[in-house]
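What follows is a single chain, given as structure tokens, in the form predicted alone.
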């Protein structure tokens, strides 16, 4: 009955997508071929061209957002060494200043930050997960995952804040899958029989990107 109520109250307006979610789409389209799926620099194009892209985990940990923006765009700023600093990473690194706007650069940096510190891998398709989240989860967890959905005030639910990595990171992927499929506590419903395991994997991947 609770599951039916949750679906009945689901809002039709989608939230703005999280920055890391948008950044992942850019990364897959423009960066993965060289830097690889995990950012370690072993993408298929890098292998065929015999180039050595940077390990993004090292680059991201040692760079602030302004320097990362310079590295991505190649656009010289007065307070940054510009092109020369950019080329210290790799002479084969393209300059994306005429491809990405500021918002896209910020989104890409958000995903790079996630990629460099992630504790749990992405198992499914986050884009499919985003659609499922808005259909089944946002009524309690909120459109943007902050735990402030409409049901929280109606029945006194205090759901997990999916934007808080201190809450989500303590659950590994298998634990999060189990809590979605089989329910947890008084108010977290079991979605087994409604959502497939691949649906849940997509959901979990999207939830990981909410905590950016």
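Residue numbers count along the first chain shown, from 1. None of these values were measured; they are calculated from a predicted model.
The protein also exists as the form predicted together with heme C; that form is not presented, and the subsequent description refers to it.
- Heme C is not shown here, and in the predicted complex it never comes within 4.5 Å of any heavy atom of residue 21.
- Contact annotation: residue 189 falls within 4.5 Å of heme C in the predicted complex, judged by heavy atom distances.
- Mapping the unseen interface onto this chain, residue 47 falls outside it, with no heavy atom inside 4.5 Å of heme C in the predicted complex.
- In the predicted complex, heme C lies within 4.5 Å of some heavy atom of residue 207.
- Looking at 21-50, the residues that come within 4.5 Å of heme C in the predicted complex, counting any heavy atom, are 30, 31, 34, 35, 45, 49.
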